[in-house]
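Single chain ahead, by itself, as structure tokens, in the form predicted on its own.
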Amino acid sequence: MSLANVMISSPPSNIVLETIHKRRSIREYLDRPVSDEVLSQILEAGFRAPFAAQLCSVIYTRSQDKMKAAGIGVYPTAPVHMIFFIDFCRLEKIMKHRGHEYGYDDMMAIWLGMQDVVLMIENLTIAAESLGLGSVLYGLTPLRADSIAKVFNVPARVFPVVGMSVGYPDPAENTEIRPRFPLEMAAFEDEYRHHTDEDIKACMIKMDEGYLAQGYYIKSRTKVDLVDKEDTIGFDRYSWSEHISRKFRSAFRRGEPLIDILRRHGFDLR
């Protein structure tokens, strides 16, 4: 029996799995505040994640003006915003109190810190969903590290990884659950699957047909412009594989390299 057949014959049967499978990004929120009690609950859940060394912190705010000043454009109806950080500063202060000097490889420490951050975010996201909240992530946050540090008084050796808005979803926004790769194309038993052309086509069909059927890019009017050649693909044919390919092609590369920003914020990356 293939993994695909197992998934089809075994739909989610408990509240945790149902919450995970039904989760989607929310961009429209009710005019309903998120209480300090609820915030504490989801933050506590976030910090119950499995950690390498708790190399993570989060700053939260209800101020859209602060987020705007930090260079992060948030969805206007979202009531609470968060920025998640890799945090070496706290660790080094603990080490100093114990009489030790930091001497770890910063690249490896960043790797571990990234694990801590993403695990915390996943816990927090699912906890928020379980309490009736929704969320959306802001992936370009690291490129705003300078303005974030200034606005939120962030010290060196603390670096933003991703932003998030949280609130109660507006039921009028009919956001559909987005497609994902077929499981057998992304989860492999015993060894890596070297994808054939047929495999890649199967992945693309699953993703592209799903997004096109939902009219995702038509509704959102989201499109990565081509700056070096003519764009011959209209929104009616603009699919996920085209969108992700445009985002990662060489002509889309813009701005300062992330490694230079990290170095400016105190990380030793040789």
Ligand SMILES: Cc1cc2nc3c(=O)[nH]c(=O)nc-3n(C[C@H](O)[C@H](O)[C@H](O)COP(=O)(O)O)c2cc1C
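We number the residues from 1 along the sequence you see. All figures in this text were calculated on a predicted structure; none of them were measured in a lab.
Beyond what is shown, the protein has a form predicted in complex with the named molecule; the following relates to that form.
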Proximity to the named molecule in the predicted bound form, single hit among 181, 75, 102, 152 (heavy atom within 4.5 Å): 75
Looking at 136, 80, 120, 109 here, can you tell me which has any non-hydrogen atom within 4.5 angstroms of the named molecule in the predicted bound form? 136
Here the chain appears without its partner; judged in the predicted bound form, the stretch of 126 to 134, 143 to 151, 196 to 204, 173 to 181 with heavy atoms within 4.5 Å of the named molecule is 173 to 181
Closest heavy atom of residue 29 to the named molecule in the predicted bound form, within 4.5 Å or not? no
In the predicted bound form, does residue 238 come within 4.5 Å of the named molecule, counting heavy atoms only? no
Does residue 19 reach the named molecule in the predicted bound form, with heavy atoms at most 4.5 Å apart? no
For residue 23, is any heavy atom within 4.5 Å of the named molecule in the predicted bound form, or not? yes
Counting only heavy atoms, which residues in 141 to 165 are within 4.5 Å of the named molecule in the predicted bound form? 162
